[in-house]
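Quick heads-up: it's one chain on its own, the form predicted alone, in structure tokens.
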């Protein structure tokens, strides 16, 4: 029984280490890809002009609620630029 318990603990340790290393690689490579894309690939401009798009008016109550929600979630660090 003692030998089986040691083997089980070894397998547990190896499995947890493997999962940790794979998750580390995913996060590390994801961050590298994000930095590369943000630095070297320019944003794509759409063909439609913003002046041609008609946006429905948002009531002042809804706008105040949106601004209050953003401030509450970001603890005052966020700013509503476009709705």
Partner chain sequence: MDILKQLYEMTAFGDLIANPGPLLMLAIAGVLLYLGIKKQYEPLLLVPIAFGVLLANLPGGQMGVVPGDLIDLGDHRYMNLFEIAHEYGIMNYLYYALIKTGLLPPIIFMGVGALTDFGPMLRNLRLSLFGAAAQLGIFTVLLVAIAVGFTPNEAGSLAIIGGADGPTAIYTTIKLAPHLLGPIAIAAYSYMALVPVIIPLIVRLTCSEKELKINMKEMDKLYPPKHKIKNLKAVKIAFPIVLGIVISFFVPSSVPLLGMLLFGNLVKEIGATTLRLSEAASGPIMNAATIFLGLTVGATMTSEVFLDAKTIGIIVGGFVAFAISVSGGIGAVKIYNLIAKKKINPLIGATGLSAVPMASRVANEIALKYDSKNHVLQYCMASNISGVIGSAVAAGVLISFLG
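Only a predicted model underlies this, so the values are computations on that prediction, with no experimental measurement involved. Positions refer to the first chain, counted from 1.
One more form of this protein, predicted in complex with the partner chain, exists but is not displayed; see below.
In the predicted complex, the partner chain sits within 4.5 Å of a heavy atom of residue 18.
Within 4.5 Å of some heavy atom of the partner chain in the predicted complex lies at least one heavy atom of residue 7.
In the predicted complex, residue 68 stays away from the partner chain, with no heavy atom inside 4.5 Å. When contacts are judged by a 4.5 Å heavy atom cut-off, residue 58 does not count as touching the partner chain in the predicted complex. In the predicted complex, 14, 15, 16, 18, 19, 20, 21, 22, 23, 24, 25, 26, 27, 29, 30, 31, 33, 34, 35, 37, 38 are the residues of 13-38 with at least one heavy atom within 4.5 Å of the partner chain, listed from first to last.
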